[in-house]
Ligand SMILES: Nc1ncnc2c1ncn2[C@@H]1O[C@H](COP(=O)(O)OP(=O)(O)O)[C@@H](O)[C@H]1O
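Next up: just one chain, as structure tokens, the form predicted alone.
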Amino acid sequence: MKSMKGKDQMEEMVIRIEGLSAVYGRGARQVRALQEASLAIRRGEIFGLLGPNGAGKTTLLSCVEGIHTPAAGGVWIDGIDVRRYPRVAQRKLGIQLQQTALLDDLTVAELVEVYAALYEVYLDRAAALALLARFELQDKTRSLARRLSGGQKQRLALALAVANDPEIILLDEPTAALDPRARRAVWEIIRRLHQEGRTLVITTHSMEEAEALCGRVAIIDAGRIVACDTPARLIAALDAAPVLRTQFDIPLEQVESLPGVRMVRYSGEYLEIETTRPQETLAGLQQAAVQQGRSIADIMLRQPNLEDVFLRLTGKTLAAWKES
């Protein structure tokens, strides 16, 4: 198990990405997946790549992993040029893909041994079982991978990602398609890995996940990094007011005239109103509802969050991104 890093090491940049551009296809069918992306990721932090599906998050990770060759720019892992020395750089990485390909006819314990051996790390059975116990899979060591539940498969994918005891772990949508309970179990594992002093890079399109786990976040839209900072600083930079959220169908222009309203929008089935005078805004909204012989449901007042940052920077709400 790795020890905690000192303050100076925490500030050291362990992944450096400069002017990274990436494309798929050729000619008229060519798609530009990344456009001059630059990032510096510190040793020992949990760093989030936040954006919608198709924004370029997975492509960026593929370039870091040495799987996809960029059209321009470069990636350095602990000072190692990934393009020139991919195998050397890859030895420092543990990787969990969106859909980890498991050999279904091997047991869970055998899979850990096989994946470690790919990095020339040879675990005996006792070490493999100890690793699985850390991910609460000690009762599944003799089970075939295909017989695991979704949450168990995701925990196994995380175990495989650290089977070679890596310094840096890359997690591509680690909680995608998991139910809330399984998602929080994975979050707890990620926190434990971080406490061991490892660097983790996570891609996600979940605002909640980014705020819960990540010390810093880069927001990616259409292949470009449009912002990078701590969630708190990104939110503070908005200078945004609280948001009144409710289920009520009303023309936006009618809401815009209410007291204190700065911005109004629909996010899925919810009406969201940024307002400096929430009580007066709500009173005006309730009065409009009475005039229409209707009622307002599910009223909630929330503070500004990363979803508001998304909207300000991209012109889209998180709900719109999920549907696209």
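One-based numbering along the sequence shown. Note that this is a predicted model, so its numbers are computed, not measured.
If you look for the form predicted together with this ligand, you will not find it shown, but the lines that follow are about it.
Visitor: For the chain shown here without its partner, which stretch in 251-259, 264-272, 288-296, 25-33 has non-hydrogen atoms within 4.5 angstroms of this ligand in the predicted complex?
Guide: In short, 25-33.
Visitor: Residue-level question: is Pro52 within 4.5 Å of this ligand in the predicted complex, judged on heavy atoms?
Guide: Judged by the heavy-atom cut-off of 4.5 Å, Pro52 is in contact with this ligand in the predicted complex.
Visitor: Determine whether any heavy atom of Gly56 comes within 4.5 Å of a heavy atom of this ligand in the predicted complex, and answer yes or no.
Guide: Flag for Gly56 set to yes.
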